[in-house]
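In structure tokens, the next block holds one chain alone, the form predicted alone.
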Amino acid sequence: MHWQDILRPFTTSVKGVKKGAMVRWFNTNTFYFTPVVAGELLSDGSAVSRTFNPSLVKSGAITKVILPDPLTFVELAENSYYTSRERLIFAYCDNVLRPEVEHLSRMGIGYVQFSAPGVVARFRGKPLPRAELEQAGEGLRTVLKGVKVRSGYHTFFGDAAPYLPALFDLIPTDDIGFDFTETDPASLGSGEGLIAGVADARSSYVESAGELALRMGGLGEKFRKITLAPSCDLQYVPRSVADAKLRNLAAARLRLIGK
């Protein structure tokens, strides 16, 4: 089975979820099938791993897996079973994400990223309430407890400023990520691990290493660990452009560390 969208493993392989209507993925030209929650959520932990060859993990070709964060899942799902969004958040974390992450860890996956466009890509909607961010943080803490993986929480397609510094305070992942085409780096303050989305993953313009390094401003002094990254997934540009952006991200890193 080919992984067509980030929600596909859950709409096809998680008990309690049915595949609903095809909907545009935020303001892009890609689509996803709506998760329709019609019963109690339950995963045996293999929904995501079925979408790739385990030999690619053993060979080191796959070291990282991206999953929808709890709030993005809740925002995009049609819920006809759970009595509240809070119950759905915790059911998704406890019954789906936890077994999936445990299984990925046992396979040898070293890093799990929870992608969270649904948090910041509000467009004409209001920011999500702090209480839901707290619930997502509590749920993710359960997901990650005792599991030997590093983790990140990446916000993109929108400005994360309304959720600062709460993201750093409430989300328990090793790294927090931002789309620098939407979020002003000067608004971030300081923290531990940062995913710096400096390369515009929705533009075919290939930024030079110097441009990418410049976008970091003075953040190198404010975070213990920084990962230079695309602003979001690189699926929106041609492969040749994606490869060039990754090469320049690597070159920008060397500039920043003085090599």
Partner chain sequence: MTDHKAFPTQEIGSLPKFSWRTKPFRQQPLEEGDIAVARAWGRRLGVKNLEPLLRLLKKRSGFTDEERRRIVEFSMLYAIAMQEKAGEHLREPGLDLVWSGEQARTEMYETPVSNIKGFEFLGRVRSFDNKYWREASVRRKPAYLRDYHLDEFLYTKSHARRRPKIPVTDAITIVAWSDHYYYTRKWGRRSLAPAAKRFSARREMTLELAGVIRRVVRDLLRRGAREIQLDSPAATQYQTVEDAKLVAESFNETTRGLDGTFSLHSCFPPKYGYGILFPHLLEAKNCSRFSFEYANRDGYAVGVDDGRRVGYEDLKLFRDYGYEKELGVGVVHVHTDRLPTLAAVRDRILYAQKVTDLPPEKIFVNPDCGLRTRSPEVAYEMLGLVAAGADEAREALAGN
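Residue numbers count along the first chain shown, from 1. Treat the numbers as computed from the prediction; the structure is a model and nothing was measured.
Keep in mind that the form predicted together with its partner chain is missing from the display, and what follows is about it.
- With the partner removed from view, the residue among S190, N53, S204, S46 that has a non-hydrogen atom within 4.5 Å of its partner chain in the predicted complex turns out to be S204.
- Among the residues E75, D174, E138, E102, the one placing a heavy atom within 4.5 Å of its partner chain in the predicted complex is E75.
- In the predicted complex, T181 approaches its partner chain with a heavy atom inside 4.5 Å.
- Within this chain, L249 is remote from the site of its partner chain in the predicted complex, having no heavy atom within 4.5 Å.
- Though the partner is left out of this view, T28 does reach within 4.5 Å of its partner chain in the predicted complex, counting heavy atoms only.
- The closest heavy atom approach of K145 to its partner chain in the predicted complex falls outside 4.5 Å.
- Stretch-level contact check against its partner chain in the predicted complex with heavy atoms at 4.5 Å: of 148-156, 89-97, 121-129, 161-169, the positive one is 121-129.
- Scanning 6-37 for heavy atoms within 4.5 Å of its partner chain in the predicted complex gives R8, A21, M22, V23, R24, F26, N27, T28, N29, T30, F31, Y32, F33 in sequence order.
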